[in-house]
Each structure stands twice: as C-alpha cells, then as structure tokens.
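Here's a solo chain for you in structure tokens, the form predicted on its own.
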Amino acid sequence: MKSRLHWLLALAVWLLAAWLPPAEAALNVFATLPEWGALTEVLGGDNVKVYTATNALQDPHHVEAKPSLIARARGADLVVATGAELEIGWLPLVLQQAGNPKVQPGKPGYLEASPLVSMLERPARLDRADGDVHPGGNPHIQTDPRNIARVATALSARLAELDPPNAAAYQARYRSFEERWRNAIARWEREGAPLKGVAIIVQHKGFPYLIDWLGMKEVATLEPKPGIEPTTAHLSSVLESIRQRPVKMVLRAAYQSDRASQWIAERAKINAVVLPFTVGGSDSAKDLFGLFEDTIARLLKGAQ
C-alpha cells in the first residue's frame, strides 16, 4: 500500500512538472563579444539568458548597429562590454535607440571590462592619422586569462546585485569557476614556458596582453597603422627588417584575412599562425577553457 502511494505521488509530481512552463531566467544579458557572453553563462547558469551581439569571425571594431541588436538591448537587464572604445562605432547608438534606462553607461545594468584591468599600449598622442587608436589603451584584453579572472570577479558581483534572490547561486558558481580557472592558468603557464622570449610578428596589434602574459617578443606589425591594410611596399620593409632579427611566426586572429600574413610567412620562411582570439574562433575554442588551450597549442606548434 505504501509503495503504491509513493508511486502515485511521484506520478503526480511528474505530471505537474510536465504541465508547468519552464522557469524563465532571472536576467537578460546583452554581451557585446563572445568572451563576455561565455563568461556570463558560466557565472550565471540557468539564472541568465545571454545574447551575444557578435561572433568570433567578425571584426569587433566594425559592427553594424542593426535593429535586431537594438531590440535585444531594449529588453536587457545587463549589458557587458569591453569598453576602451572598442565598441564605439555601434554600441552607443544601439543603447541610445534601445531607450532602456537600466543599461545606460553609469547604471548598474551596464558593465565595462576594460576599467577592471591594467591597460597596455596607451597612446602618447591622439591623432586619427595614426589609424585606429584607442585613448584608453589596447582594448583586446581577453587574450590574457588573468584579465578574464578580474572581470569574472566584478561580473559575478554585478549579477548578484541585480538579482538578489539568486545571489548565493552566483557566488557559488563564481567560486567554482575561480578555482578551475586559477588551476588552468597555472597549467597553461607551465605548458607555455617554451614560448618565453620567442620573437613574433603580428598582423594587427590584437595580442599585447597575450604576448605580455607569455613573455613573447613582438618584433613588427604588418599593419602600418592600426586598422590600415598593409601595402606590398610596407610588407617588403617588414620582411627586410626581420632578416636582421629572425622571428618564429606571424600571428593573426581568426576573423582577419590571411593575405598579409601568408605573404610574409612564405617569403620569410616562418609559420603563419591563426589564433581563435575569442570563444568560437576555432573548432576547439568552444568555451573559455578551450580558447586558451587551443591558443597555447597553436603557439607551441608555430614556434617549432
């Protein structure tokens, strides 16, 4: 009799759950870039619904402020952006057109990552003739996993602030992530030790934080100025300069054309290495952990 009662009770619970609509996420999050979307999902779990405005094969400097982005920002509880003027060409317009007071700069529903880290490559002067320069420093902070850790601390606190009933869940997920991430960084640093001092070229100045973290040496940049496509004459001058100081490889991000890096690689007899740059930039970079595991593996192969 008792077992039959238990069976009927279990059936009733199952039927009730089947008829109930799925629980909605507490927070709608608008992430400008894949790295922040992935980080928010890790820290928020089922309590967040994340929309990522761009993908790994898009140039993050040049994004169109489409109506679909405006609609997503209109319904967001939190916007997570890099800042440092990386999204200057589209995000201010999206937020203005969205008319959502919760996610405007300066409000709790707006979080920028760049003020949370030590910025590199702050320009000595500001002149548009120098190309795509950023007054606050180089915005590609996501290529150093230590920066991801700093942003995670602030992001988890902001999620808890915006959604107090689930604060304990956010804190627990952060503690779990922080421990796994700290151990992963230690492992990546051990694996990447042979890269220290390795001389490289970059196609675009998108890797200063990665280079600083691993101790590599940037010898030259293929772009004559940030965001300016190199001419054959400029590439020839770079080729001549590296004959005086040999390098191991030339780096480019997955979203960039391979024309310039292949040109220099073939003539200098060095490896052209494509890095995922962000989550989704390669088949292996499906999440933040895969992003750095794949990055280290590609660099070590390129340095051989």
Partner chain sequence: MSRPFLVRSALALALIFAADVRAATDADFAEIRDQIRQLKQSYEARIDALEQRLKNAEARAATAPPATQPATTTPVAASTAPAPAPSAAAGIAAFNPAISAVLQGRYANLSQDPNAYRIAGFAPGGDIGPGRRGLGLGESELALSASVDDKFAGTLIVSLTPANTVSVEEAYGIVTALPDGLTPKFGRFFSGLGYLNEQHQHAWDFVDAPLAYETFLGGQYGNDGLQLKWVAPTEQYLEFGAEIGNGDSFPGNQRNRNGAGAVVAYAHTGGDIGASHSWRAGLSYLHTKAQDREYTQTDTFGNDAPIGFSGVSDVAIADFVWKYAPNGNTQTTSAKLQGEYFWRRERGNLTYDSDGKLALTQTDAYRSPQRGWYLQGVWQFMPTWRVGARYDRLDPGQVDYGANAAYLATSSFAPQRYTMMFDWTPSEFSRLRLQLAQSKVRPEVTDNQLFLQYILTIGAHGAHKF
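Keep in mind the model is a prediction, meaning the values are calculated, not measured. Numbering follows the first chain given and starts at 1.
The same protein also has a form predicted together with the partner chain, omitted here; what follows describes it.
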| item | value |
| --- | --- |
| The unique member of Ala84, Leu222, Ala98, Leu210 whose heavy atoms fall within 4.5 Å of the partner chain in the predicted complex | Ala98 |
| Site test, Pro67, Ile228 and Tyr255 vs the partner chain in the predicted complex, non-hydrogen atom cutoff 4.5 Å | yes |
| One stretch from 275-283, 260-268, 233-241, 50-58 that, in the predicted complex, holds residues within 4.5 Å of the partner chain by heavy atom | 50-58 |
| Any non-hydrogen atom of Arg173 within 4.5 angstroms of the partner chain in the predicted complex | no |
| The partner chain contact at His62 in the predicted complex, heavy atom, 4.5 Å | yes |
| Contact flag, Gly137 vs the partner chain in the predicted complex, heavy atom cut 4.5 Å | no |
| Exercise: Ala168 in contact with the partner chain in the predicted complex, heavy atom 4.5 Å | no |
| Stretch 175-189: residues contacting the partner chain in the predicted complex, 4.5 Å heavy atom cut-off | Glu178, Arg182, Asn183, Ala186, Glu189 |
